Every structure is written in C-alpha cells, then in structure tokens.
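First, one chain by itself: the form predicted alone, in structure tokens.
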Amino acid sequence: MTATLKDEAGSRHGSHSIQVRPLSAAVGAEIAGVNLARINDAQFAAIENAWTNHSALLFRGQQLDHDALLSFSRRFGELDPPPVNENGKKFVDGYPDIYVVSNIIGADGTPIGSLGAGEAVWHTDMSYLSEPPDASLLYAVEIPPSGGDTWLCGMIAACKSLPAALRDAVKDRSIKHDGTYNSGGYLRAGLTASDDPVNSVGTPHPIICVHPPSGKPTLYLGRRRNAYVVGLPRDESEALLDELWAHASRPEHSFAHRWRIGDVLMWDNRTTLHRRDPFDASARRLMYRTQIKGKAKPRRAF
C-alpha cells in the first residue's frame, strides 16, 4: 500500500507530493517524490512522520554532495562524530561528520574507509556508548555488481512478538554492549583484543527500551559478540542471548535492501538491527555515513 503525503506547496500549486511505500510489515518504507538536496519544511515534516512510523527510510536516485548530505542529516538533530575505524582514520577530509564505509585501497596502501568487504553481523551502531546515536544515514556512491546488501530488522515488531517466557526473562535485565570490535569484526584502534564478555569494554543498556518518538517498547540488542547479560553467570547469559538473537532475526522481522547508486538508506538505531552481506573484495564499494547524536540514554520500557 502506498500513501501520498502532500506538502503545503504541493497542495497549493498541485506540484510535488511525497509517496510512502512500506518495504515490509516489520520495518522500513521507501519515500518517493523528494529531492533531499532541495527539501522544504513541509516535506521534512512528512518524512519525519514516516520515520517515526517505519524506523527506516529509503530514498532512491539522490545526487548529494557532502554539504547536501550534512544539511539533510542535521534536520534530524546534532551529528555524532564518527567512530575511529580499524585503521585509525575517521572521516572525509574537511568533513569531520562524514564517515567513510569502503573497501577501496588508497594511495598509501590502506583502505580509505572502514569495514572492508566481509560480512558485517547484526548490530546497532555504536551502542557501546552511554548515549548511542539515534540514527544513521548511508549514501551509496559506488556499489559492487553483486553482494553488499544491507539487511534491516524491526525491533518493535520483534519485541511485540516475544514469547511470554522470554519477555519475562529479559524485561528487568540489561545487556552490556561491547566496544572492543566493530561490526566487521575488526579491533577498534587503541583498544586491546578481548573475548571475555564479562570484563571487556562496554556499556550496559536495558534489553527492552521505550522508543521516545512513538512510546512503543522495543528490543535493544546491539552486537552479539562479547555481549553480556549483566548479573548472570556467563553460560546463562550466552544461552539467553542466543535465544534473543534467534527470535529477533526471524525472517518476518527483517528485509534485505539491494543497493543502487544514489540510494540513501537511514535507520533508527533505537528500533532496528542491521547487517551487511559480504561482496567480492576486488569490487569497489563506497558509502558515506552520517549519524544523529543520541538525545538521551536508552530508557527501560517497564
């Protein structure tokens, strides 16, 4: 089903309207009829409404320079500095709020960006922080001929469908979100390798949180590697986390996005997980990412 949301100018002059098409029952919507480089306040209000309702938005066919990408991103709030990648490089030169996700090798023999060409496992961006980013935006500049699809998983839907016994087991508990490795499995620059979930670097957050814009309860899981349910023996924590991830990533909660050049895909880190399929390392993939700074610590729903 496609909904049409006319902006004020479109209503007066019969010109442009925004179409909202859900991508799956659990998460995501495609937004058509908008140029993100020339967006007005009424159009943004419609986009923001769709954002609250769907947790992830896709915009096709965009042509954005760095300034336009930043301008659109900042409509959602203050931007977060990018994380330090595995090579120590953070951002586009001259644009410290734009993070480079790429396997392309630069003139100095190192990748110009982060995450390589391998699989990026299910995760929530930078959830190891005390106040994690609210949202992430990814803009496709170069893509491989196959592979590299980004999967999104709806955590509001996954929370709603939790079996009663599993909900009871987690509703008062928190997960410590590990900060040692990124989603590609690379050690973050400046940290020491660790496979001890109990003592590794990280921050605890409630497993079931409230999503501030909608008021709905949502699972907040982060990344499976080195995750730890605070206060449980390690074997019990591992078993409970395995059960949670198996439930959350069920097919009915997720969909796969196949990239085209010019795509902008944005997701709410508070209500989604995402992952990436691997692709041929000899192919080129270049994405620019921005992140919306978290406005508060994740808050327990119950």
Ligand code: SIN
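This one's a predicted model, so the numbers in the text were calculated from it and none came from an experiment. Heads up: residue numbers just count along the shown sequence, starting at 1.
Missing here is the form predicted together with the named molecule; even so, the following discussion is about that form.
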Heavy atoms within 4.5 Å of the named molecule in the predicted bound form: which stretch in 271-279, 229-237, 53-61, 38-46 meets that? 271-279
So in the predicted bound form, is the named molecule close enough to L138 to count as touching (4.5 Å, heavy atoms)? yes
Find out whether any non-hydrogen atom of V101 is located within 4.5 angstroms of the named molecule in the predicted bound form, and reply yes or no. yes
Though only this chain appears here, would D125 touch the named molecule in the predicted bound form if you measure heavy atom gaps against 4.5 Å? yes
Taking the named molecule as it sits in the predicted bound form, is T150 near enough to touch it, meaning that at least one heavy atom pair lies within 4.5 angstroms? yes
Let me test this: is every residue among K160, Y220 and R224 within 4.5 Å of the named molecule in the predicted bound form, going by heavy atom positions? no
Which residue among L115, I143, C209, I156 has a heavy atom within 4.5 angstroms of the named molecule in the predicted bound form? L115
Relative to the named molecule in the predicted bound form, which residues of 198-237 have a heavy atom no more than 4.5 Å away? none
